[in-house]
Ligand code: GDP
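Presented below, as structure tokens, is a lone chain in the form predicted alone.
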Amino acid sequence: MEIGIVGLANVGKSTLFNALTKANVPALNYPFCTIEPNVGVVIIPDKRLLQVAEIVEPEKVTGAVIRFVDIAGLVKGASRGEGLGNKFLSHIREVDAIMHVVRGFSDPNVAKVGNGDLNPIADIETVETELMLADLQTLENRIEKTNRLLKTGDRKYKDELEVLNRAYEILNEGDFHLLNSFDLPNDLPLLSNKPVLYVLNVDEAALLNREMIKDMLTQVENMAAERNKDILVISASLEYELSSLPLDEAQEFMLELGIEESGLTKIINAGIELLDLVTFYTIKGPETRGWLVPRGTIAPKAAGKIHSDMERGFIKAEVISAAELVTYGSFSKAKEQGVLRLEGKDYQIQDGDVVLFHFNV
């Protein structure tokens, strides 16, 4: 699962990406320093996994991961190819969700691209307008193609055309947040229809004293609420500083600042929620591992996440929740108490499941 870090140039995307991944990618003070998308794999902090590992005592513990993609900054006119617009749009089509970073800090040493003065609402609207304009072109092309296919007489093309025309009307009116009520064709991944999390990037002082940005924050929160989106307030520069410290020093620094949870942890958790993922655990052999799958994934598909042979030859799954395993202290004791369950092919994996898959090779 990939989350694209998106926004105008110089809003702190690469700094945030570096903090998330501790990767040494450019975060320089000029537009378009990120030309090709940088991809980072982030291990998800998971207390449950550590608790399960304490019981199982494996040789190796591997956390579930999420991929973050740092995408080149956008400018007005990207949908017409301005700046690196075409690259920006092609890269964003490939991700599963969008983390839209918005500039909420003033710094004379960091050039401001577009809209002049600090104006998060205008910046958000610039990015969203470019995505909608690109989607309108995509829909126009698809409508033209579907119109040609109507000649086949197949009813499905008439139905599809009705959906496409209505989606076009909605986008043309700027109401892209209504798109999720449409059953759009699976091969038409519109940019405006991707899950979005707004991240307001502020300086350290504003993060610690929200009164400094009260009016601006209220405006962004209201916009997010209108679109049924969530918003996080972080300081990318502070998060990068914390990520560069040893864990104990970072925790001590956070304690001094009165911060209970890092912004990065909040982003990772918000990303999991944005993609509607659940975590399950496997303990077979020398490795105990966490895995992420979409909510509603059936057991054979979850097994296929580990290896395709396991999905093809799936027989059954032994399942217990991580909390139950911790309570009983072992698989054998849980089995004695009748807590360990046998589940079949239709079982939907639940968040926190510890699973032992049975399969034929």
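The first residue of the shown sequence is 1; numbering continues from there. Nothing here was measured: the structure is a model prediction, and the numbers come from that model.
Here the subject shifts to the form predicted in complex with the ligand, a form of this protein not shown in this document.
Using a 4.5 angstroms limit between non-hydrogen atoms, Thr288 is distant from the ligand in the model of the complex. Using a 4.5 Å cutoff between non-hydrogen atoms, Leu340 does not count as a contact of the ligand in the model of the complex. In the model of the complex, the ligand lies within 4.5 Å of some heavy atom of Phe105. Although the partner is absent from this view, Asp203 contacts the ligand in the model of the complex, with a non-hydrogen atom inside 4.5 angstroms. The stretch from 124 to 132, 217 to 225, 187 to 195, 235 to 243 that comes within 4.5 Å of the ligand in the model of the complex, counting heavy atoms only, is 235 to 243. Contact annotation for 3 to 20: residues with any non-hydrogen atom within 4.5 angstroms of the ligand in the model of the complex are Leu8, Ala9, Asn10, Val11, Gly12, Lys13, Ser14, Thr15, listed in sequence order.
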